[in-house]
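Shown next as structure tokens: one chain only, the form predicted alone.
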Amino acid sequence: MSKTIIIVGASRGIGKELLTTFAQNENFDVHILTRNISELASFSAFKNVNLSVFDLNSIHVKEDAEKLFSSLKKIDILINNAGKLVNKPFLELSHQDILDCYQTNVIGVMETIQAALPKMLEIGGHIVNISSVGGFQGSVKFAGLSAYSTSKAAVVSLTEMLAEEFKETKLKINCLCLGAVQTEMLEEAFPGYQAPLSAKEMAEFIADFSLHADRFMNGKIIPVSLSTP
């Protein structure tokens, strides 16, 4: 069955592996929204992959997303994978540090969803928000990640709120709170730490979840973690 899939944030790590997974199925119309499009030049050979420059740290996120989505008849799956990490002691955080984390991890996600919803409500699309186990209530927390983890906690709450607000529609929205995965972002947060899962392994899980989990759940916050970190 043909599906239109949007991935926001795919220039490296899990997002790039997600793109690799979906691109191999010609029935999927895959649209990648990312700041670093040059990192994905090799995917231009795939006829079912469309690459677009998109910056969640812009004040025009909703308008930019609406333009990109305007030619699409439907959106079956939206994966909000992009993330901004700031690793600093709390007292050293600047206003800009906090703003950057929340703009990319929360505000940009909200406005992207606003732009996508008209293409999803009628067909029963599935939104998958990628959060962090650091934003999951009751999980182990780590010094230096207050801006990042609190912004990811906001994504958890957003998922629950939207599932309630749109429960009378066909839309399904769920959130995966990821634990340690061997990515560039993990290295930035915990230099030298070796994660139990590769980006490829986690991407395969997320891809399967995005394709099938909406048949079984809505508004769920799921920690996906073998290690924290």
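Bear in mind that the values here come from a model prediction, so they are computed numbers and not experimental data. Position 1 is the first residue in the sequence shown; the rest follow in order.
Heads up, the form predicted together with a small molecule isn't pictured, but that's what we're talking about next.
Checked against the small molecule in the predicted complex, the candidates 186, 68, 162, 51 yield a single residue with a heavy atom inside 4.5 Å, and that residue is 186. In summary, the region of this chain contacting the small molecule in the predicted complex, judged by heavy atoms within 4.5 Å and restricted to 90-98, 77-85, 136-144, 119-127, corresponds to 77-85. The small molecule in the predicted complex comes within 4.5 Å of a heavy atom belonging to residue 36. Using a 4.5 angstroms limit between non-hydrogen atoms, residue 14 touches the small molecule in the predicted complex. A residue is said to contact a partner when one of its heavy atoms sits within 4.5 Å of a partner heavy atom; residue 55 meets this definition for the small molecule in the predicted complex. Within this chain, residue 203 is remote from the site of the small molecule in the predicted complex, having no heavy atom within 4.5 Å.
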